[in-house]
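To begin, one chain is listed below as structure tokens, in the form predicted alone.
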């Protein structure tokens, strides 16, 4: 467990940013990763629970999730698109889903996160607050940058709704974290495909050439070539599913 040298629970985003700008302080969201971290480096923990970032706002075309919305909330809220809801339910064990947050999931950028892939497929945008104000960026850009910069804080994640979706995955067992997965969505004639297990984070790919530019790291679950093969096969499957559902 990370060694906490101090604990803060700010009640405004501005106060949280001031603390995070200081050296040695880190954001504590659900704590599922920070509290399980084997890194002994001393840190000051800035607990985000007092910021009120737990709302789920729904309109006809857009859903905005406060960054402290838990994966349990996503799973249970009937307004969340099924692709995202199902991904949230498969992301972690049920006991951890009550703690893990949307913002923490984005900040971590786990390469195997099917929830991040589902959010990518739903054209998610991330709102980030910093000393110069709050601005939005596509989730794909935030993941590619390795999460928010030091001294900045994810405050919300928005996603578009509608369209036809499909999901395919291959794992060692049906309940195991997928070695590679493909998540797709088609809306207004535009098809979006996101893959996990082929890069440092889940990534959007060209549906017509899903392995272009990819060089996934090999591990005990699969070689680079095997992961690229799965990426091609699973993309073809989700596209066929979308075609069948059109």
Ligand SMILES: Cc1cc2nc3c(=O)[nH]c(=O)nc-3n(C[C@H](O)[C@H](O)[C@H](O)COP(=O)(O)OP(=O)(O)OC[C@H]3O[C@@H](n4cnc5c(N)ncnc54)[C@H](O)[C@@H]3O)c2cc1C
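Positions refer to the first chain, counted from 1. From a predicted model like this one, the values you see are computed outputs, not experimental measurements.
The same protein also has a form predicted together with the named molecule, omitted here; what follows describes it.
**Q** Any idea which of 96 to 104, 75 to 83, 138 to 146, 158 to 166 reaches within 4.5 Å of the named molecule in the predicted complex, heavy atoms considered?
**A** Only one stretch passes the 4.5 Å heavy-atom test: 96 to 104.
**Q** Taking 4.5 Å between heavy atoms as the contact cutoff, choose which of 26, 214, 217, 62 touches the named molecule in the predicted complex.
**A** Flagged contact: 26.
**Q** Does the named molecule get within 4.5 angstroms of any non-hydrogen atom of residue 67 in the predicted complex?
**A** Because a heavy atom of residue 67 falls inside 4.5 Å of the named molecule in the predicted complex, the answer is yes.
**Q** Give a yes or no for residue 108: in the predicted complex, does one of its heavy atoms lie within 4.5 Å of a heavy atom belonging to the named molecule?
**A** Yes, contact at 4.5 Å.
**Q** Does residue 91 make contact with the named molecule in the predicted complex, using a 4.5 Å heavy atom cut-off?
**A** Contact with the named molecule, yes.
**Q** How about residue 31 - does it come within 4.5 Å of the named molecule in the predicted complex, if we only consider non-hydrogen atoms?
**A** It does: once the named molecule is placed as it appears in the predicted complex, residue 31 has a heavy atom within 4.5 Å of it.
**Q** Are all three of 123, 198 and 230 close to the named molecule in the predicted complex, meaning a heavy atom of each within 4.5 Å?
**A** No, none of the three is in contact.
**Q** Though the partner is not shown here, which residues of 139 to 154 have a heavy atom within 4.5 Å of the named molecule in the predicted complex?
**A** Stretch hits, in order: 148, 152, 153, 154.
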